[in-house]
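Shown below, as structure tokens, is a lone chain in the form predicted alone; questions about how it binds or moves come after it.
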Amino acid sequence: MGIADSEPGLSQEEREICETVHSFSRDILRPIGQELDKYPDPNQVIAPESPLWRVFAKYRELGIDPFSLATTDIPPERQALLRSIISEEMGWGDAGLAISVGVSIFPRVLSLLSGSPALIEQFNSPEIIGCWPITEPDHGSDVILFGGKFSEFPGTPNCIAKKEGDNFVINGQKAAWVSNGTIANAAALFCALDLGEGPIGLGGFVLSLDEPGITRGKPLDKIGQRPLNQGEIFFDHVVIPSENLVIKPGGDAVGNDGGLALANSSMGSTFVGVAQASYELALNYSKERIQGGQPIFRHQSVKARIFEMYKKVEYAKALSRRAVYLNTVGPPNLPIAVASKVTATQCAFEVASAAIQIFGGNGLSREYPIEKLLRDARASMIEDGCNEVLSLVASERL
């Protein structure tokens, strides 16, 4: 049963969209995610014969992303609901793969924001696998304060784009946590700008990663979201036209908060899906596992814990859907987006942990999928800005 099956009032078209995504998540994302998670070497995940490429191919075939929805006659408020359900379903399938295909559209987003026909023609293609290089070796969560100057940060920028005539010349590196970092062919790059008087706040560029002077590090080996490729990107005198600068420091709220609000809203929805998956696994297992002569669901303590999990999923879902709604029908709303991300990721971790307790010893075994969900959820509380720092940033907007 898909997440949308409990959603009243969906039109036939909306229900068909949700059913298509649920089938994709059930038949493609979940089994491939579980397979990739077991690969001991992250290089195997991105090898030519890896099923990862089947995920991207099948996702393109769906034709369902924020751009395709925006071209329909579906009203914005209904688009917001569909975006929420789609992200929840994909997180329910596999969080790492959901993030990978989700971040792949970021260069397309910047190209459309630019209004440049040349950039739109170059980057607004479903064939693009994009990434969002923002994190740096010496700047993790502090780079989300990109409205300010780098002089306000500890240390110096690791990646700088310096203005030279009609071009920018990029030198430096981005950290190993860039999602799709070693497989992307385009980037929505945020790095320090130097207009001639030293580095200032972050600027947002859209560029091809086939440019001379760009190299990649090795894929990152990590405990959670192992199907999600992440890795370093190095820039050695990379020359790009000035028109590729789309977001300037100190710009309007759309430029400064839009990307962060989009990312956090999406993370919230995705990890509601992870929490939903953990809850469902625990509920189903509790009705199958016999202890004391009956399914453990019949024991009051287990019933109470199952309901607590259900409750957490539902309130995280309600908040995440509100965040997506407000950031779809209005200007960027960073506090609600961050509240969604922080709440949903914490919920996913707590529900997955409680689910392992329901599974008992079996929950610790890699033969069961619940331990993977716990590892995936734990990573989410740090990625895209750790929850504590995000909360401080969002509080400044209140």
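Just count from 1 along the sequence shown to find any residue number. From a predicted model like this one, the values you see are computed outputs, not experimental measurements.
Omitted here: the form predicted in complex with a small molecule. The next part is about that form.
Q: Please tell me which of 249, 258, 140, 126 lies within 4.5 Å of the small molecule in the predicted bound form, judged by heavy atoms.
A: Here the answer is residue option 140.
Q: Check each of 135, 182, 87, 327 and return the one that places a heavy atom within 4.5 angstroms of the small molecule in the predicted bound form.
A: Partner contact (heavy atom, 4.5 Å) among the options: 135.
Q: Even though the small molecule is not shown here, does it sit in the predicted bound form so that 230, 382 and 389 each have a heavy atom within 4.5 Å?
A: Each of the three qualifies.
Q: Verify the contact flag for residue 177: yes if a non-hydrogen atom of it lies within 4.5 Å of a non-hydrogen atom of the small molecule in the predicted bound form, no if not.
A: Close contact exists here: in the predicted bound form, residue 177 approaches the small molecule to within 4.5 Å, heavy atoms only.
Q: Using a 4.5 Å heavy atom cut-off, state whether residue 100 contacts the small molecule in the predicted bound form.
A: Contact with the small molecule, no.
Q: Using a 4.5 Å heavy atom cut-off, state whether residue 225 contacts the small molecule in the predicted bound form.
A: Within the cut-off, so yes.
Q: Residues in which of 301 to 309, 127 to 135, 273 to 281, 286 to 294 have heavy atoms within 4.5 Å of the small molecule in the predicted bound form?
A: That would be 127 to 135.
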